[in-house]
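Starting off, we have a lone chain in the form predicted alone, written out as structure tokens.
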């Protein structure tokens, strides 16, 4: 009889327990529900960090376990933010318009309200008509469904075209990067229907919760982000922990051999690519209400490159490594770029970390790649004494020495 999933994967229970303890600790120390030790802005930063950990988890699934270096997953992250941002901005603007028209001698008609909403939202780009893509913007249920459907369909179509053509390696990475760049360039246009370079703003103002202070809303979003990360981690562990996980690791290590064994490689890759795109979109839908604004610059290809760097630093091929890498780099980045890191005067030059952070990040990526390919997660392997099994010379076939040294090294 097979043991239950959590018994077979004790690391999952440990992760969920640590995440719960972290969330409870921040809540107790928060300004909204606790003893006011952690500021509201810091709670938002921690909530956004959990969302970045979730997309890093998706990146580790598609890259660390399946071997697909996608440089476009931040596009799905941004799309998720846009989908929920459309509802947030529409409903908030609708409330403003209705309140302003309430003072008119006659009650406003639905067309007057709609025209007022269009002018308020799109007047900044010289328009007043609400674009057709906003047809469901007044329905939270539909917009949440689109958080899953739009990125999922885009990933499915792109993946089906790419994988059926057997595009692999650096060529596939370039294609994903081109997809992200094309999407970002389209959204930069004012006639894209999403306010061009201005993006969507004021997302931190939740419709129907005007009386709830930001200190409390930030904690609510922290809880939602922690719940999403916990569920995402359990899902990812379930995927990689069974036979499916063995197949995708085989695809990563030797795709031709897996195909020769009779597995439909393209279906496995398409499934992982689509599922991770949806996970990334959910992370984005939780991230941008905490950030308060989203614009096409968030979807630039460089963002997806940063994502790969986070996973590499944390240790790809380890779920907890991806979470550690994203969390560590995100918080350190906030410290360096937020002006909290002290400048270093050298006499002839003053090192300002705001200017040098990206150089430091790039150097860290190079050093990890050269000298610590297992990343930060590898340190936990050393601490726990986790070593690879000694399989050299194992008698696994009808003849002695069926598993040769070169096979055991794989």
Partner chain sequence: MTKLILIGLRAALFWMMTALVALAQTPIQDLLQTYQTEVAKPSRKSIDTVVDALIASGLPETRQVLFKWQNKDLFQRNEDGLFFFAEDAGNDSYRLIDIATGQSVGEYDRKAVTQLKPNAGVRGVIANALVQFQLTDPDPIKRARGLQAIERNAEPSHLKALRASIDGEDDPTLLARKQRLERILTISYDTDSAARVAAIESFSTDLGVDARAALNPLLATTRKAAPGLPQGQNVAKTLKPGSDDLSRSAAYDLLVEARLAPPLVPLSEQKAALIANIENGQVGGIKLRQLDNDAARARAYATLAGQGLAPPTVTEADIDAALARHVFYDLYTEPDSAVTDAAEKALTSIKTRVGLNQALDLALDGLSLASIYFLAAIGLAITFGVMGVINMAHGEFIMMGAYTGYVVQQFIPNYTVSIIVALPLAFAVTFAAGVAMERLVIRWLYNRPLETLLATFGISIALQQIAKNIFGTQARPLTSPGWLDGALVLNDVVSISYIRIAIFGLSLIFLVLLLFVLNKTRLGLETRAVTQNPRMAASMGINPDKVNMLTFGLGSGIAGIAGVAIGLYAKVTSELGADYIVQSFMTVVVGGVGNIWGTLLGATMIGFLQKGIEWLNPSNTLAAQTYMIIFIIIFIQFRPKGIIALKGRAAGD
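Residue numbers count along the first chain shown, from 1. It should be emphasised that the depicted structure is a prediction, and the values quoted were computed from it without experimental measurement.
One more form of this protein should be noted, the form predicted in complex with the partner chain, which is absent from this view; the next part is about it.
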All of 71, 112 and 309 within 4.5 Å of the partner chain in the predicted complex, heavy atom check: yes
Candidate stretches 81 to 89, 185 to 193, 280 to 288, 202 to 210, one within 4.5 Å of the partner chain in the predicted complex by heavy atom: 185 to 193
Contact flag, residue 340 vs the partner chain in the predicted complex, heavy atom cut 4.5 Å: no
Heavy atom of residue 107 within 4.5 Å of the partner chain in the predicted complex: yes
4.5 angstroms heavy atom contact with the partner chain in the predicted complex for residue 102: no
Close approach of residue 40 to the partner chain in the predicted complex, 4.5 Å, heavy atom: no
Heavy atom within 4.5 Å of the partner chain in the predicted complex - the one residue of 305, 331, 98, 149 that qualifies: 305
Heavy atom within 4.5 Å of the partner chain in the predicted complex - the one residue of 181, 133, 145, 128 that qualifies: 181
Stretch 164 to 178 - residues with a heavy atom within 4.5 Å of the partner chain in the predicted complex: 164, 165, 167, 169, 170, 171, 173, 174, 175, 177, 178
